[in-house]
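The chain below stands alone, shown as structure tokens; this is the form predicted on its own.
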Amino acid sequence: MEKLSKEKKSCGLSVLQTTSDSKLETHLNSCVKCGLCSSSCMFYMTFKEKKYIPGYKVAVVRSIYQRYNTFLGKHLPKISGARDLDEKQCEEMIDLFFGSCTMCGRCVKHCSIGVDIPFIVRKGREMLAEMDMIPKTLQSTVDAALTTGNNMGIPTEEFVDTIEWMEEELQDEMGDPNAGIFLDKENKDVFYTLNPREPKFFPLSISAMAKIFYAANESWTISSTRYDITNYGFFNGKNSEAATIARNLYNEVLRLNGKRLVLGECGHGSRATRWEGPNLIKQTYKVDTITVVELIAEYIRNGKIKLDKTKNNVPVTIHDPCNLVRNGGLLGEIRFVVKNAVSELIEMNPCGNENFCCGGGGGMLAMSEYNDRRLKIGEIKANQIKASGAKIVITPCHNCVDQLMQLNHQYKLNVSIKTIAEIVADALVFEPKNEKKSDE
């Protein structure tokens, strides 16, 4: 690592020196070092090293805060346990905050005080971002989103070609030339978003949702340029970049005058857009914003789609995405949809709000330098899947899908991984339509 300049050090410390961040001070000073969080963390459970205890990460940020913001830290650092921010400390912080935390929030539920440890981790990432110390692999994902409109850098022409091909396939399958995947249409009831991994690697996920929209007779559209629900700026520590990505999507909804922003199957993207987005852009959304899980649940309750659960007659289990369930409150909605679409649901142990992360959150999947560590901690999830005896794992998050597919291969689980849309599309009952109005 290059020598830490005074300028960069000052930038990093500025994150801790704000006088308006009472939440930071509260949570830094609340940890009582009880260690209860250790049993909740996949990293500590796997490697059994002190540095992986979530509370240790809090201690690192607190010690730096004390060194530069308190009397004892400034004048008697050895007595107070305060740490200098230097090159060695920065190297440890990179490994701890980027490479040893998925920011899943499970530790918060097991904290006797309720310390928001992912919030502290994010502050650590913000410090590193201010010092230009973001892992290049993660930053390249953010750069792609900022420059091309999606995190995989898919050219617009390639995306449009994929959608047009899939639309033809949908029309053939439905036997209806008016069935469609509608691009850049104004004044539609639903503005739908995707994870770029769908057009790149999982086009059947898009087809599945298109079938659901068709069955519900929905008025909907996708932007050809701003369809990406992901926001890795939420993970790299640069709030300005996270805000730009969130604002770009919101402005596209306004441009097309979408009545409702429906967030595709991506846990962190849903959180970064729906719950964090207005705070990032400092503006209240003027459109109703919900996840696709909630929309499908509405369709079922309102009778807009009909399902035959016997079409999915093998045992399934649910992997709960951390940002949709523990941090998003969608435990009940996910189960309502799945129970209406399958014959047999077997819950993992633990599940729901106590769920273990897939191991790929927090930007881990974007950072190839941590691949071995990511797959190793994922053994906990793999063992849960094995113990369930299920043949299909359902999860409404493509980041989780990607990690679970790698675990499926690594640990020879011999299961299928499906999204909510895919399992629902498999159970759809299509009723004859006298006339389908074209969406052109």
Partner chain sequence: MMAWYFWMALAALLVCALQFIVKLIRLVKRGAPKDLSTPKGKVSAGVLYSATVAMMPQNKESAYLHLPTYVAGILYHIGTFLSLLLFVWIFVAFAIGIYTPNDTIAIYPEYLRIGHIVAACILFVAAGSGISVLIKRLINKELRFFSSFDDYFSNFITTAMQLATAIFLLYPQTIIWYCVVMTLAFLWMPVGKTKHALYFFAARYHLGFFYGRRGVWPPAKIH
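Numbering follows the first chain given and starts at 1. Quantities reported herein were computed from a predicted structural model and do not represent experimental measurements.
The form predicted in complex with the partner chain is left out here; the points below concern that form.
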task: Choose one stretch from 149 to 157, 196 to 204, 328 to 336, 241 to 249: the one whose residues place a heavy atom within 4.5 angstroms of the partner chain in the predicted complex.
output: 328 to 336
field: Position in contact with the partner chain when the complex is considered in the predicted complex, options Ser140, Asn279, Ser224, Asn178, heavy atoms within 4.5 Å
entry: Asn279
field: The single option of Glu126, Glu218, Glu167, Glu294 touching the partner chain in the predicted complex, heavy atom within 4.5 Å
entry: Glu294
query: Does Gly378 reach the partner chain in the predicted complex if we count a contact as any heavy atom within 4.5 Å?
result: no
Contact flag, Ser388 vs the partner chain in the predicted complex, heavy atom cut 4.5 Å: no
message: Under a 4.5 Å heavy atom criterion, is Ser30 part of the interface with the partner chain in the predicted complex?
response: yes
- request: May I ask you to state whether Thr284 is within 4.5 Å of the partner chain in the predicted complex, using heavy atom distances?
  value: yes
- prompt: Is every one of Lys51, Ser80 and Gly105 within 4.5 Å of the partner chain in the predicted complex, counting heavy atoms?
  reply: yes
field: Heavy atom within 4.5 Å of the partner chain in the predicted complex - qualifying residues of 36 to 56
entry: Leu36, Ser39, Ser40, Tyr44, Lys48, Lys50, Lys51, Ile53, Gly55, Tyr56
